[in-house]
Each structure stands twice: as structure tokens, then as C-alpha cells.
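Below, in C-alpha cells: the form predicted on its own, a single chain.
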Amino acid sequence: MPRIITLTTDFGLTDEYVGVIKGVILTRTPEVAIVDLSHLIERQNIPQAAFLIRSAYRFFPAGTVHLVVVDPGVGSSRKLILLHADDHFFLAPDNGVLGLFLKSKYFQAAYEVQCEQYYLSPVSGTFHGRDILAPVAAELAAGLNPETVGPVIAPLALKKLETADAEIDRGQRVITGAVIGIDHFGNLQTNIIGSSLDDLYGDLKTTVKIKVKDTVITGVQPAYADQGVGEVLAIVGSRGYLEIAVNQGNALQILDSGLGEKILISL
């Protein structure tokens, strides 16, 4: 039975790119189920895509094929890879977008995609998502043995993610993180794992100081409505990471902040 294929790209919704990728997949494997995770990743924002796919994949059955196309180096000598991690399969450029799966608790195997017999012809120098990754994803969903995709790659040879998890200073009880994504509501998504707040601060989590630019937020709230309408707050979002939000408002606009903004948490 064909597997599920998820799609995560920075292609947007204006052009034909997403639809064409689906057309390639469905031509090869008509019975496959295709799920759009997001096509509104900020252009070429590898960390945003990396955190999205790590947060989302676990809600799909084992064996799902996840196609991630955020590829600033398309057409260059960068590798295309198939990663087997936590019983899922991930197809993407080797640019760090799968770097969060290289830890031993996730990683199972990796292969360089070198199976030209499955590619579209000719291969465009600007659209490897369509001509290489989409047909290979379709073949995997139809049952292709992943070991036949190409040579094995050691995890140490794969590109790491430049934006890693937040830094934790246990002695000073300080967490330093950053904004790595912005959702449709204007919430600032950070790389600070929610469980790290419980681990470092315990019950004091409700009194910590969270600094974003010149704004200092007191405490982590359990719900948006625990602050007044229009007020800035910190909350652990559905991904399990800290977010900066505004109750019924837009934190991106109100704080005039954005990707890469430093987040500092202390007592």
C-alpha cells in the first residue's frame, strides 16, 4: 500500500511549482496521499523549515516520506539526500534542513540520492524538487528499497544546522535563544524547548523575565487569554517550543521583531 508523502517548501502559492510537484508524484504513484505541511516557509530560510519538519513529522505514521525543498544551492554541487530517521524517510538537499535529525536518538541511515533512472529528463538546474526529489519520493512511497537510492553517507559527513537549540547556562540559570519562525498569526516561534523551562526554573517559570529587544515579559502563560487583549505574552506553543505572542494581536508587528531576534530568559 503506498505511503503518505508530506511537502514542505518555500515555493509560496502564487506559482505552479507546488502543483507541478504533486503532478509528478501522482503520475508515478497515483494512490499516494499527499499532505501539504507548508509552502510559506520564508524564502531560503533553512532553520525555519528544519524546526517545522522536526515538529510535524511525528504526527504521521511510521514510513511516511517527507519531501523538504528549501534549496538556496539548487543546481550547485550540494548533495541531495535521503535520511531514514525515527522510522520516517526525509528527502531534501544536504544544507542543514535535516540537521536536527542527526542526533543518535533519531538517526538510522542516510543515502546520497544517485538514482538517475527515476529522474525526469532533462533535469532543470533550477528545479531539483520537481525533477529529482519528487519522482524519488513517489518511488519510495510505492515501495522502493531506500538502500537502492544511492551510496550510504555517514552522519558526520552531513551538513549540520547552523541554528541549533538554545543555549542553557545552568549556573546562571539563563537561556539564550532566537526567533526561528513566524506563523500566520504573527507569533514569534523560538528555538527554546518548553521542557527546558520546567527543567531549569520549575515553579518559577511563571516569574521568569523574557527579554525581546526592549520588551521584558514576565512569566510563561498557559493560555493566550491569560493576558489582556493586545498584551504581549510568552507561551509554549503546540510544537513544544516557546513562542512570543500577543493576545488577539500580532507580535511581529507590535514588537517590530523578526527572524534571528535574540531571546533572553532569566530570573
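Numbering starts at 1 and follows the sequence shown. Between two forms, the rigid core is defined as the largest C-alpha subset superposing within 1.5 Å. Remember, it's a predicted structure, so these values are computed and weren't measured experimentally.
This protein has a second form, the form predicted in complex with another copy of the chain, left out of what is shown; the following refers to that one.
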query: Contacting member of A178, C115, V74, I168, with respect to another copy of the chain in the predicted bound form [4.5 Å, heavy atom]; finding: V74
query: Location of another copy of the chain contact in the predicted bound form, chosen stretch of 180-188, 148-156, 193-201, 96-104 [non-hydrogen atom, 4.5 Å]; finding: 180-188
query: Partner proximity in the predicted bound form: Q227 to another copy of the chain, non-hydrogen atom cutoff 4.5 Å; finding: no
query: Interface membership of G125, another copy of the chain in the predicted bound form, 4.5 Å heavy atom rule; finding: yes
query: T215 within 4.5 Å of another copy of the chain in the predicted bound form, heavy atoms; finding: no
query: Touches another copy of the chain in the predicted bound form: G63 (any heavy atom, 4.5 Å); finding: no
query: In the predicted bound form: members of 3-32 within 4.5 Å of another copy of the chain, any heavy atom; finding: I4, D10, F11, G12, L13, T14, D15, E16, Y17, G19, V20, K22, G23, V24, L26, T27, P30
query: Core fit, then V123 C-alpha moves 2 Å or more between the shown form and the other one; finding: yes
